[in-house]
Each structure stands twice: as C-alpha cells, then as structure tokens.
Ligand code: HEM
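A single chain, nothing else alongside it, follows as structure tokens in the form predicted on its own.
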C-alpha cells in the first residue's frame, strides 16, 4: 500500500524554491528560540554569532520568494527586501567607513 503522499513530498523537496524555503525555516528555528533575554544570558558570547545567521536566512528567504515567483519582476523583491539591504549597508558603513573622532594621545 505505502504512502503515496510521502513520495510526492520527497519529490518536491528537491525543487529549488521548496528547498530554500525549508532551509530558511530551519535556520529561523534556533534564531526564534534564542531571541529572548533568558537565552541571551545563558548563551553569553555565543549568542551574537548565532544571531548573525539571520543574514543567511534572509538570503535564503529572498531566493525562495524569487524562485517561487518564477524570477519575475525585481520591484516586489525590492519592496520586501530593500529595508533589510539598506540596514545591512548602513551597518557596514558604520562599522568600517564612518569618520571617527581622533583619539587622545597619552603623554
């Protein structure tokens, strides 16, 4: 008898849009579980590198969304992912390119 729906599901998993969606979902699970004050205290310095997986999940989500819509128009993608891209660019600028006040030299 078997499970015909299981074969169908496993056949669909290898599609690019489904695979990227599931991978993004799997990345979001530990991020959601550790996005609270208790987890921050328990994880200590490990918390920050773990939360940086948000960027990978965002890229996977963008790829999932774009492939699901047959790689169509870029305008809806820009509307949905533009704010994330803008914040990421600001973060890079702030970290590496902004002018910093001169440090005082000890005598």
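Numbering follows the first chain given and starts at 1. Since we're looking at a predicted model, the values are computed, not measured.
Another form exists, predicted together with the named molecule; not displayed. Remarks below refer to it.
Please check if residue 68 has a heavy atom lying within 4.5 Å of any heavy atom of the named molecule in the predicted bound form.
-> Because a heavy atom of residue 68 falls inside 4.5 Å of the named molecule in the predicted bound form, the answer is yes.
Within a 4.5 Å heavy atom cut-off, is residue 61 in contact with the named molecule in the predicted bound form?
-> Output for residue 61 is yes: heavy atoms within 4.5 Å of the named molecule.
4.5 angstroms heavy atom contact with the named molecule in the predicted bound form for residue 16 | Judged by the heavy-atom cut-off of 4.5 Å, residue 16 is well away from the named molecule in the predicted bound form.
Answer with yes or no whether residue 90 is in contact with the named molecule in the predicted bound form, where contact means some heavy atom within 4.5 Å.
-> No, residue 90 is distant from the partner.
What residues of 5-29, in sequence order, lie within 4.5 Å of the named molecule in the predicted bound form by heavy atom?
-> Result: 18, 21, 22, 24, 25, 28.
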